[in-house]
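Take a look at this single chain, the form predicted on its own, given in structure tokens.
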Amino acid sequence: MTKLDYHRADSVEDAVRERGASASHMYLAGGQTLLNLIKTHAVSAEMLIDISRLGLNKISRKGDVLSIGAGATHTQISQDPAVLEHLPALARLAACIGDNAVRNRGTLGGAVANNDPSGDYPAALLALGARIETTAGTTDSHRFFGQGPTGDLILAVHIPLPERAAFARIQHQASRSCLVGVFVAEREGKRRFVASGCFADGAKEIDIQTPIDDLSAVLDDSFGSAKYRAHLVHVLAKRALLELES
């Protein structure tokens, strides 16, 4: 068995210092994704830096921006009064993730850092034009997801509140992960549709009027063929649009 050290950070500065420049020193919050990756040898870790007690789970609204701490769990996001009032589509999305155990432990920051192609949050954050705050600064979500893992500690997500938002999703019945999902946000009369669970390189903005003809970049596995997923994207986009306009 590979030796795995553990350090409980008592501050953000302590966590960053312990990680240093080592890619094998990894931040641990809820551990719902990371621990499974370690168990299956998908990633190699020498140290886990526990950041679960750093108070990074606060949710607040200032003006037209909703800020969610990276340590906020899916359950917390789904039940928070500010999220329910100002961005109910995101609250419903969080309530769909995994099962109770996953929602009670899994965090927004962990899901954002993992950026799984079947993850729900990246599509929502891209559609909403969110900004990701890390220890290296704050960056636009498109740039954040496009640059790949940097090892910086995610601190919070800042979401400019849309006029309206909605999402539609079909899940894998065993894992409850997203088979295909579409999140739409409207701001100043413009609507942005972003699909998850469809493209191999992560969530992408789509044109609801244009079918996905090039299937080379679409996921194709035992859970759903590329053709099926491409079809679902537009079915779900129309469902999300109907919800948006209802």
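Here the structure is a predicted model, which is why all the values come from computation and not from measurement. Note that residue numbering follows the sequence shown and begins at 1.
Omitted here: the form predicted together with a small molecule. The next part is about that form.
- None of the heavy atoms of residue 138 is located within 4.5 Å of the small molecule in the model of the complex.
- Mapping the unseen interface onto this chain, residue 176 counts among the residues with a heavy atom inside 4.5 Å of the small molecule in the model of the complex.
- The shortest heavy atom separation between residue 202 and the small molecule in the model of the complex exceeds 4.5 Å.
- Within 4.5 Å of some heavy atom of the small molecule in the model of the complex lies at least one heavy atom of residue 153.
- Contact annotation for the candidate site: 29, 98 and 120 all lie close to the small molecule in the model of the complex (heavy atom within 4.5 Å).
- Of the residues 105, 86, 92, 158, just one reaches the small molecule in the model of the complex with a heavy atom at 4.5 Å or closer; this is 105.
- Of the residues 180, 66, 70, 194, just one reaches the small molecule in the model of the complex with a heavy atom at 4.5 Å or closer; this is 70.
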